[in-house]
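A single chain comes next, written as structure tokens; it is the form predicted on its own.
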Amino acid sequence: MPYIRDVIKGPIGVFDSGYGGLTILKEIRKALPEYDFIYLGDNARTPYGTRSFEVVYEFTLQAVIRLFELGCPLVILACNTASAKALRSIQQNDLPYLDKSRRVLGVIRPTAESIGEATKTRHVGILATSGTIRSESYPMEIKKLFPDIKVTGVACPMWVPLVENKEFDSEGADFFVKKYIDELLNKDNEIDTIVLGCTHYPLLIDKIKKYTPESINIITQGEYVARSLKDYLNRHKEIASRCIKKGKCDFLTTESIEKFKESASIFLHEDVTVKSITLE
């Protein structure tokens, strides 16, 4: 059994398999600048999108336990694949055993909640990793909230590598961006709203807009997740009271510190101090 110390007060944990969750963290810090955060990137084992449910669950649970050990009363899975493949199991099966006073939240539900106001045709597209599309988490969450909405998804396996290899602004990226958008709109030409269901994809936003008709809404997650978290903390004072508020943010990676710093500067446009850890 992992050692998880009693929480008096601690930072909010933010977890992602790689760097994409930094786009979520950026918006959360903008909405909640007074709070402390720890960002943990499992960069050594990214990407999660092509891994099995069992492996994603195992890796995500390891990260949640580590963040609990570091005193976090609340952990945000700022990763669509982890939210799709691991969140429910951790909430239902592991939290009661680990510490039922703590909370783990994901990014899919807050994004799904924003869909109702965004679409007029009630036809919505999802662009995401293979793992998120296979999980059908977005269609399930959207159908719970808005049963009349038709959801169509397309996996974009080349988009994360383009971002991770800093090719998101290159001419070579155009082919793969256009390819998946065309595939989605060919499946359903009534789509008027597209959800970018991966935290890496905002770095491709200029090219995505280039190949998407202007009449179509493009939803990126950071703003909605940040707004949802702010509302959650306002409604759950017992959790908010256990979160440190000194405006500090620490960064942890399972990969090279220098590599993380270099990539983090692209996502956050700031220099960060990073520590390297292992997860097991």
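We number the residues from 1 along the sequence you see. Computed from a predicted model, the values in this text were never measured in an experiment.
This protein has a second form, the form predicted in complex with D-glutamic acid, left out of what is shown; the following refers to that one.
- In the model of the complex, no heavy atom of Thr254 sits within 4.5 Å of D-glutamic acid.
- The closest non-hydrogen atom of Leu203 lies beyond 4.5 Å of D-glutamic acid in the model of the complex.
- Among residues of the shown chain, Val160 is one whose heavy atoms approach D-glutamic acid to within 4.5 Å in the model of the complex.
- At a distance threshold of 4.5 angstroms between non-hydrogen atoms, Phe59 is out of contact with D-glutamic acid in the model of the complex.
- For the options Asn217, Thr46, Thr220, Ser228, the one in contact with D-glutamic acid in the model of the complex, meaning a heavy atom within 4.5 Å, is Thr46.
- This chain appears without its partner; in the model of the complex, the one residue of Ser137, Thr129, Thr119, Thr111 with a heavy atom within 4.5 Å of D-glutamic acid is Thr129.
- Contact with D-glutamic acid in the model of the complex, defined as any heavy atom within 4.5 Å, is confined among 195 to 203, 85 to 93, 173 to 181, 147 to 155 to 195 to 203.
- Residues of 72 to 91 placing a heavy atom within 4.5 Å of D-glutamic acid in the model of the complex, in sequence order: Cys79, Asn80, Thr81.
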